[in-house]
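First, one chain by itself: the form predicted on its own, in structure tokens.
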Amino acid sequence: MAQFMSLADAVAEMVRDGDSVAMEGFTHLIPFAAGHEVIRQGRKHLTLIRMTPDLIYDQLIGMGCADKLVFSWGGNPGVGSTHRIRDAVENGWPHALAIEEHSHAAMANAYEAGAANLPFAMLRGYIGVDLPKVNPRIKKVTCPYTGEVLATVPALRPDVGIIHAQRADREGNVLIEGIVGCQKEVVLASKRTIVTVEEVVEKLGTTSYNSVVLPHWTVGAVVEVPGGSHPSYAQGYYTRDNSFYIAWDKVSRDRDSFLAWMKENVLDKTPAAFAAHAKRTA
């Protein structure tokens, strides 16, 4: 059942050292505010799971929060590399980072299997590619009905699932609109969940055709954090801050400049102050 909490209290209660944590949101609704709070609270030894680890995971990994990354693509979208992830993988700074790489399809199916409480996901994929050679978690199974050989991956059942959404009502029902990605599956697959939202309203209101409502009984903590996905965008609320992504490339290349930026903009700043630069569209 959904509980309304502050962001600091939600992270303190839900996220523990050594947890597997999935922070999802595809191109928009990326839970930056929640990720920053995990950094502020100094969580360590996390296994981070995300289909597209971009800036928020670059920051978490650069601050030494993670021991392992499970992913299907990594980079600074439209700009280039995630330099803090590269530094961790290639040079072990701030410490070594194990990686487990999958395809987008495999990750999506693994979340869905976790949501259905199944032990693994099965898909037509990984045919004629080299990824199974370096990822022993990718296996094969023969269909008992047709004899077709299919790929399998273990279900994803994170200890904690964290997403951002547009609205929640007073009961804790959550509305996601726009590109919904795999947020629904992450919430259903995770043992504990944090959902940050742009606003809490009396009624969720008219929804678009491309929308998902998460019932309150699927959600753990609901936290009102306006601008909580900045610098990504929240459809109907604010646009993507493209200049931030471009600037991050220079900031994150150097360890000292990265640490100085994180201290000034995350460790010493509240979520509201960081999100104040979100470019409002509604």
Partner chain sequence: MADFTPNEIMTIVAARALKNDDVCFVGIGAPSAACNLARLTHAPQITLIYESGTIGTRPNVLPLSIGDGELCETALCTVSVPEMFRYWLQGGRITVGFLGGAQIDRFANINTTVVGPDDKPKVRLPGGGGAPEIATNCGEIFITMAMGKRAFIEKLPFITSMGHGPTGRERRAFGMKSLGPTKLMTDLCVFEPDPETKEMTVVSIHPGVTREQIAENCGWTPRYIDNVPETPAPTKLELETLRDIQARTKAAHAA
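Numbering follows the first chain given and starts at 1. The structure displayed is predicted, hence computed values, not measured ones.
What comes next is about the form predicted in complex with the partner chain, which is not displayed.
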Taking the partner as it appears in the predicted bound form, which of 189-197, 79-87, 153-161, 167-175 has residues with heavy atoms within 4.5 Å of the partner chain?
79-87
Using heavy atoms and a 4.5 Å cut-off, decide whether S20, K44 and L214 all contact the partner chain in the predicted bound form.
no
Any chance L204 has a heavy atom within 4.5 Å of the partner chain in the predicted bound form?
no
Distance check, V251 to the partner chain in the predicted bound form, heavy atom within 4.5 Å:
no
Taking 4.5 angstroms as the cut-off for heavy atoms, does Q235 touch the partner chain in the predicted bound form?
yes
Would you classify G75 as touching the partner chain in the predicted bound form, given a 4.5 Å non-hydrogen atom cut-off?
yes
When the partner chain is considered in the predicted bound form, the residues of 183-198 having a heavy atom within 4.5 Å of it are E185
